Every structure is written in C-alpha cells, then in structure tokens.
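Have a look below at one chain only, the form predicted alone, in structure tokens format.
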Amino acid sequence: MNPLRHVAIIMDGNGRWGLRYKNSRNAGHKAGLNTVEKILKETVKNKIRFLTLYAFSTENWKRPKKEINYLFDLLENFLINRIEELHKQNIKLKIIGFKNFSPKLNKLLSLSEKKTSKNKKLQINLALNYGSKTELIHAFKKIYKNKERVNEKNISNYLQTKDIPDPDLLIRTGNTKRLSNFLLWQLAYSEIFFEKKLWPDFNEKDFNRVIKSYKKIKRNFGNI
C-alpha cells in the first residue's frame, strides 16, 4: 500500500458551479470554501502531513476585478475567523507564491504563517499568486546569482516548496484535464486524478475514494 504524505489539489469549478446554481460566480467561490473545510478535516483524519491548495494563480489576475476582490475578501475573513482554530488543531499554514496583495492581506498572511509556524499535525500550503514557470525562473536566477551548479538538488532547494516532499497525489476537480502552471517541477512523478465534479460538489466520500484508488497503484518511478 502506497504511503501518502502530500496531496495537492487544483480546486476547479467554483465559478461554473455558481453560475449553474446561483447565477453568480462569487456564490460558487463561497460554496467552494465549505468544501475546503470538509477536505481539511478528512486530510487530518487520514493523517496526511501536507496539503497544497491552488487558490489563486498568476494568470487569475485576468479575471474581473470584482471577482478578484471577492476572492480576497473571502480569504481575509477565513484568516480572521479560522486561523486561531487551525492553530489549536496544530495545523501550520504556509504561503507559496508571491505576496503582491493589499497591505491588510499581506499582513494577515504573514501573521498567520508566523502564528502557526511550529505546528506539526498538518501543513497547508496555500498557493496564492502562484505560477510554476515564474517559480522556476526565480530558482534559476538565484542559482546564477550564487554561482552554483544547475542540478536537480539546487533547483529544488530554490523552489518555494523547499523542505516539502513532492506531492504523491494530485487531484483536479472540474472535469478539466490540465495542470494550469501548477507545481510543474514537483509533480513529475505524482499520481494524477481528474475528477468530473465541480469543486463545491466534491465531498469527503470522493476524497477518500481517490485516496483508496491511489493506494492500490503500483508506483515504479521509472523502474519495472
């Protein structure tokens, strides 16, 4: 049975769900936050050590400003209302991406990271303003600046996921089969599950079904 330390999720389909059921993309984002809460609980139950959630990509800035502002308001409210509880549950929050938000949100993110920095039960890596290509470019620039050799070890050491094991499993909801500039280096040998359900409809049973299927896979990593 395959060990499972790290699950990464592309939470796709919020906007489409909102338009389908509430005639509002923002309603879908709000519903998607409820799914995040459910999956967090299941992740802890399954004793998974790392959970990486793709929340906002470098390409998402192309969306309408009203929708972007609503997303960041949701995040601010989540941090204000839930970070203390996450801390009590021994859950650590780490931001991967490039903090280029409002002073208020930047401060909340930094305070949340600092408050939970020593927690050990689960580490949530929240990918915000994240793009894998940008991350790789930054890594190569640092290697060049420090006059180091270009090899796998040094590249990994300069990624924002340094000291985090590569995902064993990637789940993408929303019936879309692409990686969308997410953890391109880190996902080299991850098992990938594309789910038809939109993110707000994805539930605990779906999550556990994917985990059960993952554990049955024979993982060769290039071997026979």
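Quick note: we count residues from 1 along the sequence shown, nothing fancier. Treat the numbers as computed from the prediction; the structure is a model and nothing was measured.
The discussion below concerns the form predicted together with a small molecule, not included here.
- Of the residues 159, 48, 55, 39, just one reaches the small molecule in the predicted bound form with a heavy atom at 4.5 Å or closer; this is 55.
- With the partner removed from view, the residue among 27, 33, 169, 164 that has a non-hydrogen atom within 4.5 Å of the small molecule in the predicted bound form turns out to be 33.
- Among residues of the shown chain, residue 196 is not one whose heavy atoms approach the small molecule to within 4.5 Å in the predicted bound form.
- Shown alone here, residue 136 lies farther than 4.5 Å from the small molecule in the predicted bound form, counting heavy atoms only.
- Using a 4.5 angstroms limit between non-hydrogen atoms, residue 140 is distant from the small molecule in the predicted bound form.
- Contact between residue 111 and the small molecule in the predicted bound form is not found at the 4.5 Å heavy atom cutoff.
- Within 4.5 Å of the small molecule in the predicted bound form, a heavy atom is found for none of 7, 86 and 120.
- Contact with the small molecule, judged by heavy atoms within 4.5 Å in the predicted bound form, is confined among 150-158, 75-83, 112-120, 96-104 to 75-83.
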